[in-house]
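Given as structure tokens, the chain that follows is alone and in the form predicted alone.
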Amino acid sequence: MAAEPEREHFADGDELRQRLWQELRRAAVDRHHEWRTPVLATTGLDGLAQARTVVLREVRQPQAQLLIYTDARSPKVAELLAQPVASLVCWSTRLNWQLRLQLRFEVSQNDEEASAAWERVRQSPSANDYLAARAPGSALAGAYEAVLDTPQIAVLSGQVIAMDWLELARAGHRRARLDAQRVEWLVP
């Protein structure tokens, strides 16, 4: 059984807030960070919950924004255009931390933000994901299909409204809710 990580002591809520943003910033640049692939939960167009794993591409801490790239034809784009609030859930086995984030999203497509995102991914293996001839989830005639010349990329910019942090530890679980103005310690 793996050793439990040493418990971090936070002098105050601001220390915890800075530590959470530090992990989020690391996740956006470290392919092996567990928070790099959080679960995004949206409200489907049918009113039912929809959850899927996404890739955290960029963190803009001063603006409290998290950026995710996706195919502009993806159902999550339509869902966020109809209902722009959603949640991200991150789990780290290394830290024994769960972080749930409530966000308000804006969708950028066919603009400078989307063009800049394409420039960042165009030479990567994931570039073909944005060049598929059909929308994500569409049926294929075979295992492979032609690609488009024009990328279908959208940037989901999530403004963090609140964070719910939970630490699981033998010494006792800890939980806190953070928003722009305050940190409130909660019963786990």
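Numbers follow the displayed sequence, beginning with 1. Quantities reported herein were computed from a predicted structural model and do not represent experimental measurements.
Although not depicted, the form predicted in complex with a small molecule is the subject of the following passage.
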Among 70-78, 99-107, 112-120, 86-94, the stretch whose residues bring a heavy atom within 4.5 Å of the small molecule in the model of the complex is 70-78
Could you confirm whether T43 comes within 4.5 Å of the small molecule in the model of the complex, counting heavy atoms only? no
Taking any heavy atom pair closer than or equal to 4.5 Å as contact, tell me whether R52 reaches the small molecule in the model of the complex. yes
Give a yes or no for T37: in the model of the complex, does one of its heavy atoms lie within 4.5 Å of a heavy atom belonging to the small molecule? yes
